[in-house]
Each structure stands twice: as C-alpha cells, then as structure tokens.
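The chain below stands alone, shown as structure tokens; this is the form predicted on its own.
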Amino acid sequence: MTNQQSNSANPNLNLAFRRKQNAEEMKHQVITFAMMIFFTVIAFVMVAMDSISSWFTIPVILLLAAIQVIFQLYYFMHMKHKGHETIALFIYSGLTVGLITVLVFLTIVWL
C-alpha cells in the first residue's frame, strides 16, 4: 500500500501561501533595516551635537547598538525561525559569559 497523499490538495494554494509568507518576511526585513538606519542616524547626530553630554551619549549609543544586534540576530540571521534553538543557546551563553567578564573586570579596576 502506497500512501499518495500530499500536503495540500491544491499545489497552487501551497505556492500562494509560501509567496504570501515570503512577502511578509521581506516586509519585516525592510522595516527592520529602516529602523537600523534610523538608529544609526540618531547615534551620529548625538555625537555631532556638542551640547549633549558624553555621560548621556555613550549609554544611549550602547543601547542603540544592543537593539541593532538583536535586530540582526532575529531578522537578518533568521534566529526567530524554528530549528535555531541550539545556535541561539550558544550565542546567548557567549553573550552572558562576555557580559560577566566585562562586569568582573570593571569591578576589579574600580575597586
């Protein structure tokens, strides 16, 4: 007995669904790219303005950089898709170890 069932009774329906899904994915990537460009412009403007204190500018730039890293991972490296859990675990573990290392060194230097 051979099982001759397919995923969809109408292959054109499956193709239409994939095209719609790809178009939505492309829309998210374009929006994310535009937001990243906007964040970069904000960072450049903050640095160019001498009236803003560096005590405010540096943390804001670091925050914008962290947001851009998240966008890069989730939208451009497709980390939000299924099957990337192990890779995400390694990336987040490395980020955690790196953050702890930086905090330890800052604590040692400032004490």
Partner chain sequence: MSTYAKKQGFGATLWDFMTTVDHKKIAILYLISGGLFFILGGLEAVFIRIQLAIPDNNFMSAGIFNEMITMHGTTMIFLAAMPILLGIMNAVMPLQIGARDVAFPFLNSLGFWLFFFGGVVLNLSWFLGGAPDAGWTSYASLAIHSEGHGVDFYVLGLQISGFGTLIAGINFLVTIINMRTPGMTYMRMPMFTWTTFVVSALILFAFPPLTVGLFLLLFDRMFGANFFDVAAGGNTIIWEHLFWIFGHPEVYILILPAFGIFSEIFSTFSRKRLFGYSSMVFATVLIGFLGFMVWAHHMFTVGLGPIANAIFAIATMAIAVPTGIKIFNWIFTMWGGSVTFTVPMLYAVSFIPSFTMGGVTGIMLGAAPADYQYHDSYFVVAHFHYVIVGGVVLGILAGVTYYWPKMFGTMLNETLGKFTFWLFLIGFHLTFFVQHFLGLMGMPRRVFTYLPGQGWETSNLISSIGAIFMSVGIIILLINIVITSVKNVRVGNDPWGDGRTLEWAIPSPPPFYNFKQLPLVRGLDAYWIEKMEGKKEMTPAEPLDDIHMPNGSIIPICITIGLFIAAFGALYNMDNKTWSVPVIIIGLLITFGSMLVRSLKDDHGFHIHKEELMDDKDKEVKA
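Keep in mind the model is a prediction, meaning the values are calculated, not measured. Numbering follows the first chain given and starts at 1.
Same protein, other form: the form predicted together with its partner chain, not shown, and the subject of what follows.
Checklist entry - Applying a 4.5 Å heavy atom distance criterion, does Phe90 contact its partner chain in the predicted complex? => result The answer is yes: Phe90 has a heavy atom within 4.5 Å of its partner chain.
Checklist entry - Is there a heavy atom of Thr86 no more than 4.5 Å from a heavy atom of its partner chain in the predicted complex? => result Taking the distances in the predicted complex, the answer for Thr86 is yes, it comes within 4.5 Å of its partner chain.
Checklist entry - Is there a heavy atom of Leu106 lying 4.5 Å or less from a heavy atom of its partner chain in the predicted complex? => result Contact check for Leu106: no, nothing within 4.5 Å of its partner chain in the predicted complex.
Next on the checklist: Contact with its partner chain in the predicted complex for Val97, defined as at least one heavy atom pair within 4.5 Å: yes or no?
Outcome noted: Judged by the heavy-atom cut-off of 4.5 Å, Val97 is in contact with its partner chain in the predicted complex.
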